[in-house]
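Given as structure tokens, the chain that follows is alone and in the form predicted alone.
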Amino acid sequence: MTIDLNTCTGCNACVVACQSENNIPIVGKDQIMRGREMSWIRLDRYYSSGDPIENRTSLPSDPQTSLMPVACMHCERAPCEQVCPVNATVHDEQGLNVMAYNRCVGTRYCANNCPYKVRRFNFFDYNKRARDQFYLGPLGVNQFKTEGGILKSMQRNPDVTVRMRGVMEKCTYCVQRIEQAKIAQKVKARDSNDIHVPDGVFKVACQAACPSEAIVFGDISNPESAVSKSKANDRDYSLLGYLNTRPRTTYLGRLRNPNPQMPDYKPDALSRMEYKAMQPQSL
């Protein structure tokens, strides 16, 4: 996967799509304030201004904003796999970093060892209990047994498991969509024996929802795929690449007026007000 930071607008469509596709619960403001958020993909924001840091006495009032969607990087040398005592997070034959929920015992060692902080611990049965009965645990009322509970259960994606309390969760690269594409291709290949899934046949949830098409996903073993060509771009880089985790998700760096011949070229990233102040006043 590659994410073009030049194209990303920070609309949060990828966050909503991931939440809907993978049955991720909305835990509420109270649980988020306690550090128990459940989103598998987050949108980090970085602010910058043209003022020298040593002379800054207050935060800039109108800084430049850089946005970066961050999900599980599916590292080739994943630090989370090395510390799991029950081998619940492993690499599959496709190279994906996957979770075995039934094997996970919730030690949270993987979350502690992940440099990207993208793993989530399921503190409660969010998908099973009423919002005011999280802390009652098994003593709480099962919302599926109440009036309208059957309709609530039907809103889940049947292709994705609903996790229980006490397990670790993370981005799976929408493995259910990958498997569906593989099965469909095997059906088509009964006569041709070509089981390779063509590039662009399917999209992961965040990629499909991105209005600016900033996210590209595909097979990196195919040099002609869109993601391989995107990774060959000079702007491609790895987040925290110096840790040598070899993440499969990389980013295309954001540029502002990279051409020095541009009339409004500036060597530094300035805020909008600073840009405006440097421009000649129009009559």
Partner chain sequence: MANIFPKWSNALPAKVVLAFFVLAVSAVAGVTYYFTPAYSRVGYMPTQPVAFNHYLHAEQLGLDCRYCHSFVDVSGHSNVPDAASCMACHSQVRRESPLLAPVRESYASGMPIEWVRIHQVPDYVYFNHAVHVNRGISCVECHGNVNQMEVVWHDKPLTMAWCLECHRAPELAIRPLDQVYNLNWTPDNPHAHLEWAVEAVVNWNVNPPQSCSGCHR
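Just so you know, these numbers come straight off a predicted model, no measurement behind them. Numbering follows the first chain given and starts at 1. The term rigid core refers to the maximal set of C-alpha atoms that superpose within 1.5 Å between the two forms.
Omitted from view is the form predicted in complex with its partner chain, to which the following refers.
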> Does its partner chain get within 4.5 angstroms of any non-hydrogen atom of Gln176 in the predicted bound form?
Replying inline: yes
>> With a cut-off of 4.5 Å between heavy atoms, is Asp199 one of the residues that contacts its partner chain in the predicted bound form?
In response: no
>> Considering non-hydrogen atoms and a 4.5 Å limit, does its partner chain approach Arg131 in the predicted bound form?
In response: no
> Hey, in the predicted bound form, does Ile183 get a heavy atom within 4.5 angstroms of its partner chain?
Replying inline: yes
> Among Glu93, Tyr101 and Asp191, does every residue place a heavy atom within 4.5 Å of its partner chain in the predicted bound form?
Replying inline: yes
>> At 4.5 Å, heavy atom to heavy atom, what parts of 151-166 sit next to its partner chain in the predicted bound form? List them in sequence order, or say none.
In response: Pro158, Asp159, Val160, Thr161
> With both forms fit on the core, has Lys117 moved 2 Å or more by CA between this form and the one not shown?
Replying inline: no
